[in-house]
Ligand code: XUL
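Just one chain is shown here, as C-alpha cells, and it is the form predicted alone.
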C-alpha cells in the first residue's frame, strides 16, 4: 500500500457487518487530518453468510413483533469473516480502528469475562470462546419495543417525561437500553444476578477486539436513558430507577475519542493486524454517521431523506425538547447532538404521488409549477402515525382551501413538501441552534426541487452528499482522530440549494400559521407511543 496511514471502521449494523479501510495521508501536527479515500471494504450479510443462526433481516424470528433479539455471537462470526475478506495485506497496515454499533442494543456478560477475553485463542472461533461468557444468550436490539411497562415505571420514578428528558437527553423509549435492562432484571432475576458487565453493541465488540471489558462512550451511552447528559456520568437516580446493582455492572463512561487499548494478540496472530494498532472507544451508529458526512461544528446538521425523515446536528450546548419528542446524544467531538425523526418522510411524499397518479418526474414538475407558499394552502401530512409530533391516528389536515381533488394535484405535491419542512423547522426550535449548513443524504437528497424548498424553509444552504456506509466511515474517521473531515472520493457531492430571500420571507410568515394549525390538531388528537430512532 501507499505511504499514508490506514484506519479501519467496523459497523455492526442490523442486517450486516461492514468493515471499511480508509487511508489518511500524513499531515503536520497543526493541521486537520484529511481523509484520502476508501482502500478496502468487506461486508458480511448475516442471513445469507451466517445461516446457522437462523436470522431474518438480521434478527431472530418470533411470533411477537414487539420482540427484537439477536444472538451476539453472530456478530463475532461476522467480525472474523470480515477480517478474512479484507485479507492480511490490508490488515497489516492498520494504525487504528473503531466500532460503530447499532444504537441501544445490549449484551450481558458473566463474571470472569475480563479474564477470558484476555486469553482468546487464535485457532478457535470467537463465538466458541465468547458464548460461555454470556449471562444472557440473546441481545435485545433497537427493534425491540417490548418495554412499555418499564418505560412507564422509570419515567414515573424520575418525575415524568420532561424531567427524564432533562436528565438523560430523552424521555424513556421502548428501544432504549435502560428499559431493556429493567425488563431483563424483572423477568429473569437469576440471569441478572449472574451478570457482571452490561455492554452496548459497540462496547461489546470493542471489548473482544481489545481483549478486555471496554467502557461505553458518551455518544452511545447517551442513548440508554442512563447517562446524565450534562455531567456525562452515569446518573445515580436513573440507575436506581432501572435495576438494582446496575452501578456495579457499568464501567465508567468515557469521552468518544478515548483510546481504550491496542488490538488483542488473537487478531494479530489470526488476521495479521499490527500489535501497535490502537482501538478507539466504539460508539453508536447515529454519532458515527454524523462524522461520516463531515458535520463538525455547531450549526451544521444532517437531513436524512428516506422512508422517514431524520434531522440531526450539532448544538452549541445541551438543549432538551420540552415536549420530550426529540433526543440529545453526544457527538464524537464532544458537542451535544440533537436528533428528531419524522415517520412521514417518503411515506407521505409517495402517498401524494400515488394518489394523483404521478411518477417522480411528474411530482417534481408539480413543485416547479407552484409558487413558494402555495398561495396559503398548507398540509399537516400525517398519512401514518407520527413520531414528531406524537400522533397516534393518521389524519391529513388540508388548510387554506387545499382539497384532495385531481385539479389540485400540483398544490398537494407542494403542500406535502412544504408541510414537512415547516414541521421540521417548528419542531426543532427547542434545539436553540439555527442551522447554518445542512447536509442532505438519502434517496430524496438528489431532488433539486426538494432541496430548494428545504433551503427556503429552513433558511440555510442545503447540499446533498452521497455517502456509502456512513456509519462505518464515521468509525474509521473516529479511529484516525476527532478532527477528521471527509473529502471526495469518500463522499460524492450532489445538487445544492441556497435560500432565496423572497421565498424565505414567505415561509417566515407561514410558520406561525402552521404552528397554530399543529397546536389545534394536537389538542384534538390522541398522542402516539414514544418511539426511538
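What you see is a predicted model, and the numbers here were worked out from it, not measured in a lab. Residue numbers count along the first chain shown, from 1.
Quick note: we don't show the form predicted together with the named molecule, though the next part is all about it.
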| message | Can you work out which of 285, 217, 418, 171 has a heavy atom no more than 4.5 Å from the named molecule in the model of the complex? | response | 285
| message | Under a 4.5 angstroms heavy atom criterion, identify the one residue in 192, 363, 382, 329 near the named molecule in the model of the complex. | response | 329
| query | Which of these stretches, 272 to 280, 231 to 239, 97 to 105, 147 to 155, has heavy atoms within 4.5 Å of the named molecule in the model of the complex? | reply | 97 to 105
| query | How about residue 311: is it within 4.5 Å of the named molecule in the model of the complex, going by heavy atoms? | reply | no
| query | Closest heavy atom of residue 175 to the named molecule in the model of the complex, within 4.5 Å or not? | reply | yes
| query | Given that the partner is absent here, does residue 184 sit within 4.5 Å of the named molecule in the model of the complex, heavy atoms only? | reply | no
| query | in the model of the complex, does residue 142 have a heavy atom within 4.5 Å of the named molecule? | reply | yes
